[in-house]
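First, one chain by itself: the form predicted on its own, in structure tokens.
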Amino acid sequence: MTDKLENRIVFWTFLSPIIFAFLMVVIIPFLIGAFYSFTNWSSAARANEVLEFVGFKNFTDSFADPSFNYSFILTIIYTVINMLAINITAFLLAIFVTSKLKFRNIYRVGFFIPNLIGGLILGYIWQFIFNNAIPSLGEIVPALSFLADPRKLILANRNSAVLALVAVGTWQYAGYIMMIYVAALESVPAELHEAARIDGANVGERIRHITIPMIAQAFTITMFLTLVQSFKQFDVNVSLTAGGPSAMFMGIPLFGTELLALNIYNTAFVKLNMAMAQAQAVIFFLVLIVISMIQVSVNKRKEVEM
């Protein structure tokens, strides 16, 4: 047996389990789901009801559904705010823990730990803080008595509840993104900063003209990760707000903080409209692919310009 043939056998021996798992867990379920999105599949189909091909009806019904449209718009707004909040926080934390600070490694671990906590648990913890701890603080401190008003609970208002989702998402994910920025910052030659400092550049000018251009590739990665994570947000949404409070859209009452992933879940398992939920998932997938490609393309162009 030649070395080349032996290398091929070893290569495919190790790669085959991964390909098999990827096909079984991702590709085949996706294709089956795409097929069901063109049928009248429902919960009754489990009783061997005959499937009927309905063409693009589930897709057109999805676009005519106010709750789906509302969740789509809300998810885009949430994604933009969440991306900015996570990346700005993570970048500042990275600068903080790469400075000549004592115990900086301990700070790195501390900032990263929230990422190890599951989203469901995290959501319930912060729900307790928003609904019980903060109002209790208002009862103790007279100057903060407005916090004890049940009508002013953070999760009782649609806008503040969305910002609460952003805050919890940032608290959970900023530490992970920080580690990518830390790796990028530590690859910037210290001589560049030293030369700029001798030339009279202040901290802000050094960050703007040296640090940011030198770590442009890290921005592409972190923005892609936060974009996808924000669009797919589900567990924190379920445990923190469960879609509430209510809001009006196109004259119809609906869940005010129901992001797209939760809306699709509710369409499938609350409304029991499996085929329509599957069509919404396909739309979700295609939109996320297009937006991700645009984001990566724009960031890559910025890397060249910098």
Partner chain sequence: MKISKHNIALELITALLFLAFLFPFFIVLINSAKDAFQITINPLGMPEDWSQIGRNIVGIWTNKNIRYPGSFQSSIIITVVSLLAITVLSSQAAWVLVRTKTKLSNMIFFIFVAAMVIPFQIVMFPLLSWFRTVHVVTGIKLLRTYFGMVLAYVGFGCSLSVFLYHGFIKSIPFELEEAAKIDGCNRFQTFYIIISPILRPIHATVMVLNGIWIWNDYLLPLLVLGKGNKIQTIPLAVANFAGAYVKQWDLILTAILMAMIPIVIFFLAAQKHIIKGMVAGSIK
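Residue numbers count along the first chain shown, from 1. Just so you know, these numbers come straight off a predicted model, no measurement behind them. Basically, rigid core = biggest C-alpha set you can superpose within 1.5 Å across the two forms.
What comes next is about the form predicted together with its partner chain, which is not displayed.
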| item | value |
| --- | --- |
| All of Glu52, Ala161 and Ala242 within 4.5 Å of its partner chain in the model of the complex, heavy atom check | no |
| Touches its partner chain in the model of the complex: Phe146 (any heavy atom, 4.5 Å) | no |
| Val282, heavy atom within 4.5 angstroms of its partner chain in the model of the complex | yes |
| 4.5 Å heavy atom contact, Phe234 to its partner chain in the model of the complex | yes |
| Ala85, heavy atom within 4.5 angstroms of its partner chain in the model of the complex | no |
| Stretch in contact, per heavy atom within 4.5 angstroms of its partner chain in the model of the complex, of 207-215, 114-122, 188-196, 73-81 | 114-122 |
| Contacts with its partner chain in the model of the complex, stretch 16-40 (heavy atom within 4.5 Å) | Pro17, Ile18, Ile19, Phe20, Ala21, Phe22, Met24, Val25, Val26, Ile27, Ile28, Pro29, Phe30, Ile32, Gly33, Tyr36 |
| CA of Ile294, rigid core aligned, shift of 2 Å or more between this form and the one not shown | no |
| Exceeds or equals 2 Å, Cα of Phe285 between this form and the one not shown, core fit | no |
